[in-house]
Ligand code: GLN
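Next up: a single chain in C-alpha cells, the form predicted on its own.
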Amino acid sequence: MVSLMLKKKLRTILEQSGNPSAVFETDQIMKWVLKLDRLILAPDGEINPQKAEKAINAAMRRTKGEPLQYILGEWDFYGFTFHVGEGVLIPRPETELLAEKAVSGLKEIAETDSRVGTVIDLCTGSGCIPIALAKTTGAVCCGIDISEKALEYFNENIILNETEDKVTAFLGNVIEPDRELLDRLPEKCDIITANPPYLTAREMETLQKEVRHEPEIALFGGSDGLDFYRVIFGIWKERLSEKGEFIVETGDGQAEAVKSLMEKEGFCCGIIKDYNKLGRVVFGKLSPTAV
C-alpha cells in the first residue's frame, strides 16, 4: 500500500467513528508506524504490509475508545518523550504550566545560590514532572506514587530519558506517608510539586470514554475533588526549605478553594491561569514576602 492511500484509509476510519481529531491522530499513527519525526515519505511511497496493518489496527482500536497515547505507547511532555500505557495517567498540556512554574523557580535558585535545586513530586504517575524538571534544569528530583504499575512506567522513563543520576522513584502513599518512605527522602527540598487526583464524583460519572481507560486512583479526588489538597499541604510543608515553594495543579473551578486550603497552612499564594483563562496552577511559599 502506498502512503497516501494508507493515510486516507486511517482518516476515514477515524472520521466515520466520530473522532473530532481525525487529521491529527492520523498523522500521529503514521509517524509512529513509520518511525519518523515528520511525515516526509512521498505520497506514492510504498509501506510494507506489516506496517500498514499495524496502522489500521491502531485506528480500529481508537474507534473503540482506547486512548491514542496508550496505543502508541508513548507521549510527549515538555519536549520529552515518555512511555505510557494502561495503569498510568496520560501527561496533559495543562500540566506543563506547573512544570514551567517549577522550572522558573529552579532557574532562580541556580542564578542566586549557584546550585541545582531539589524537588519532590507527589502523585508522580509516569514521572513526567520530575524527569522534565531534571532534564531542563539539572535539578535532583524524586517522585512518589502509590501505584506499582505507575512506578514501572516511571522507572522506564528514567532510563528512557537518561536521568538515572538525577531522578529517583519511590513507592508510597503521599497522604499517609510511613516512616520508611520519609526517611528515604531528602530532609529538605526547594520545590514540592503535585498533580493529584482532583476529579469530583459528578465528573467521574461523565468521563469521556477515553479517560475511563485511565486509572481511577489517578483521577478521583473525592466528592468535591479536594481530598488530596486537604491533606498534602499540612503533611509536606515540613519538607520545604526556608524559601521553598509548593506548586500544584487543580481541576476546573478549584483554584480558589485550593488556594484557601494552602493559605490555611501558612502559605502566601498565587494562581496561574491556563490557556482557557481558568485557574489551573496554585503556588505558594511559607515566607510572606516570597510570592
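Everything numeric here is computed off the predicted structure, so don't read it as measured data. Residue indices: 1-based, along the sequence shown.
Keep in mind the form predicted together with the ligand is missing from the figure; the text below concerns it.
All of Val211, Ala218 and Glu249 within 4.5 Å of the ligand in the predicted bound form, heavy atom check:
Yes, all three are in contact.
Looking at 196-204, 112-120, 141-149, 166-174, which stretch has residues with any non-hydrogen atom within 4.5 Å of the ligand in the predicted bound form?
Only one stretch passes the 4.5 Å heavy-atom test: 196-204.
If we define contact as a non-hydrogen atom of the residue within 4.5 angstroms of the partner, is Ile192 a contact of the ligand in the predicted bound form?
Ile192: no, not in contact with the ligand in the predicted bound form.
Can you tell me if Val84 lies within 4.5 angstroms of the ligand in the predicted bound form, counting non-hydrogen atoms only?
Heavy-atom contact with the ligand at 4.5 Å: absent for Val84.
Contact label in the predicted bound form: Glu94 to the ligand, heavy atom within 4.5 Å:
Yes - in the predicted bound form, heavy atoms of Glu94 and the ligand come within 4.5 Å of each other.
Is there a heavy atom of Leu89 lying 4.5 Å or less from a heavy atom of the ligand in the predicted bound form?
Leu89: yes, in contact with the ligand in the predicted bound form.
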